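Coming up is one lone chain in structure tokens, specifically the form predicted on its own.
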Amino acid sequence: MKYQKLGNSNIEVSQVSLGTWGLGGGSVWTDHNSSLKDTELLLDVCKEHGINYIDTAPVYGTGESEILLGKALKTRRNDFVLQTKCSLNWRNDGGNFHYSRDGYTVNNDTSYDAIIRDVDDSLLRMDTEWIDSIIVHYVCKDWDVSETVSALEHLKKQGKIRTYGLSNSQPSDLEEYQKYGDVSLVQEFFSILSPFHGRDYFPVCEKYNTVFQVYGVLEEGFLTGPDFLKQKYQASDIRSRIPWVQQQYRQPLLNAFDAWKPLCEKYHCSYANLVEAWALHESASLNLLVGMRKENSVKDTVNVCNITLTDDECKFMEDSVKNIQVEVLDK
């Protein structure tokens, strides 16, 4: 495993990090319900393979992911760097409507009081004394950035958080936040099928020594191989709502897998490893956030650390999907 510092902090994290959106279950992830035993095993396997960085959020299963992780981390807390998020809540005490799901109305609120309350709520749900990294889940223009950063800096002084970052943001947002504080990372969507946002962001991250933590690199599984395209999901499931389920993308994706097969054979790796390696080739500051719920997924994912693609191979891979790349993805 390779490691990197979170921005200008002294926090050292694995280049591959564990995403836990799926642990929350609910109507967004309908094919698997994780138990405490499953989660404990998952964390043990992550530790065995050098993954020390975990990402979650209050709204993943409306608290369920945080609660499950908190229980599983009870005897493992010092083994992991724990990251969760703020701004999205279902307290019905203010903010802007974001969505309704599973009987809850979730609002987005980046005011000082909301940020403080969000962190306190997460500390209680996860039964921990501190959160290593807190992410503003959705940047919002309705509250001054200075107010949001003031709350984050106050939480740092209290020892409740160690550092902070942004998600679902733009390069201009990072520029604005940097006027008032020090953002360690941005967590943004990036994949070979939708690379444009990341490429706009990379120069600004380099300017501030900010880590670019990528999510969605496997397109919710659609880039793990041709067999995934055969699966069907309920209408509420995230995997039923992205472009790659549509018929016009199916054959081009199958063609891309055929084109990439010799590279998989050359590097003795999975299709997932190949597209993960492509992403890591894009930026030296990149951190790879991958949703994993099973032991075999962890073992496969960490193999990416053994793969270094050439410039020509990366270009070949992207050329194979140029005709189906999407500028903006709304999940």
Ligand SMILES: NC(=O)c1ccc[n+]([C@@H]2O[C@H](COP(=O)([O-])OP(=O)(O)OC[C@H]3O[C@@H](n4cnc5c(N)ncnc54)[C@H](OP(=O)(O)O)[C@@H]3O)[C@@H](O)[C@H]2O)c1
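Small disclaimer: the values here were computed from a predicted structure and weren't measured. Residue numbers run from 1 along the displayed sequence.
Below, we refer to the form predicted in complex with the named molecule, which is not included among the displayed structures.
- Proximity to the named molecule in the model of the complex holds for none of T163, G181 and N287, with the criterion being a heavy atom within 4.5 Å.
- Only one segment in the set 210-218, 115-123, 154-162, 102-110 has residues whose heavy atoms sit within 4.5 Å of the named molecule in the model of the complex; it is 210-218.
- Shown alone here, G19 lies within 4.5 Å of the named molecule in the model of the complex, counting heavy atoms only.
- Among heavy atoms of A272, some come within 4.5 Å of the named molecule in the model of the complex.
- Looking at Q187, you'd find a heavy atom of it within 4.5 angstroms of the named molecule in the model of the complex.
- Contact check for S167: a non-hydrogen atom falls within 4.5 Å of the named molecule in the model of the complex.
- Of the candidates T39, S297, S283, T62, S297 is the one whose heavy atoms come within 4.5 Å of the named molecule in the model of the complex; the others do not.
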